[in-house]
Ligand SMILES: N[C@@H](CCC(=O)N[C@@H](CS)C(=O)NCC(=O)O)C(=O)O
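Only one chain is given next, in structure tokens, and it is the form predicted alone.
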């Protein structure tokens, strides 16, 4: 039994960015929402300044709940959406055998791999010297590849946790389009590559998700 909210939420984000992870979940659940473009938070100080009153880090996604509550952090939002819909199709419930693995790898993705994009998108924000920043970026990207190889060893296939499609597959569907790039996964992480393909097939065959994918990744 679900308890789907009727008042719309507002998702602040940017096409192709991390907000796509939450947009796909909102579409999956059929939750009413409106989209608000954050602007380019990497290149525009105005965009960052306008978002800081909601998220001092000036990062997306930011989800405004109907009562005005501000939510950030995609893992927290993922768990909250499952709670308010009272559904367990994307987030295994407390007694599900996949629950522990789901929570472990959800936190791993957001706590370990996701920051490599945050720090690597513009390394000079964190390492001002350009020569040092270049070395930092190379080291960071190598570390990210090492982390992905660790995740590769945990894929149960055909989806990440096995037969069951979960929010983890949505994370892969978005994050594997970023560095180190799809070609790297095909060559170095075949299990993740297969899980990505499976998740993409599911998304493209589900009209609500296919629409979100087209908006965020029009080039495929």
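Numbering follows the first chain given and starts at 1. Fair warning: this is a prediction, and the values are worked out from it, not measured in the lab.
Beyond what is shown, the protein has a form predicted together with this ligand; the following relates to that form.
Interface residue in the predicted bound form among 170, 155, 176, 60, criterion: non-hydrogen atom within 4.5 angstroms of this ligand: It is 60 that has a heavy atom within 4.5 Å of the partner.
Selected contact from 194, 41, 64, 151, since only one has a non-hydrogen atom within 4.5 angstroms of this ligand in the predicted bound form: Of the candidates 194, 41, 64, 151, 41 is the one lying within 4.5 Å of this ligand in the predicted bound form.
Partner-facing stretch of 28-36, 160-168, 52-60, 181-189, counted where any non-hydrogen atom is within 4.5 angstroms of this ligand in the predicted bound form: Selected range: 52-60.
Residue 118, heavy atom within 4.5 angstroms of this ligand in the predicted bound form: Flag for residue 118 set to yes.
Any non-hydrogen atom of residue 85 within 4.5 angstroms of this ligand in the predicted bound form: No, residue 85 stays farther than 4.5 Å from this ligand in the predicted bound form.
Residue 108 within 4.5 Å of this ligand in the predicted bound form, heavy atoms: Taking the distances in the predicted bound form, the answer for residue 108 is no, it never comes within 4.5 Å of this ligand.
Distance check, residue 136 to this ligand in the predicted bound form, heavy atom within 4.5 Å: Output for residue 136 is no: heavy atoms all beyond 4.5 Å of this ligand.
Contacts with this ligand in the predicted bound form - residues in 15-33 whose heavy atoms fall within 4.5 Å: Stretch hits, in order: 17, 18.
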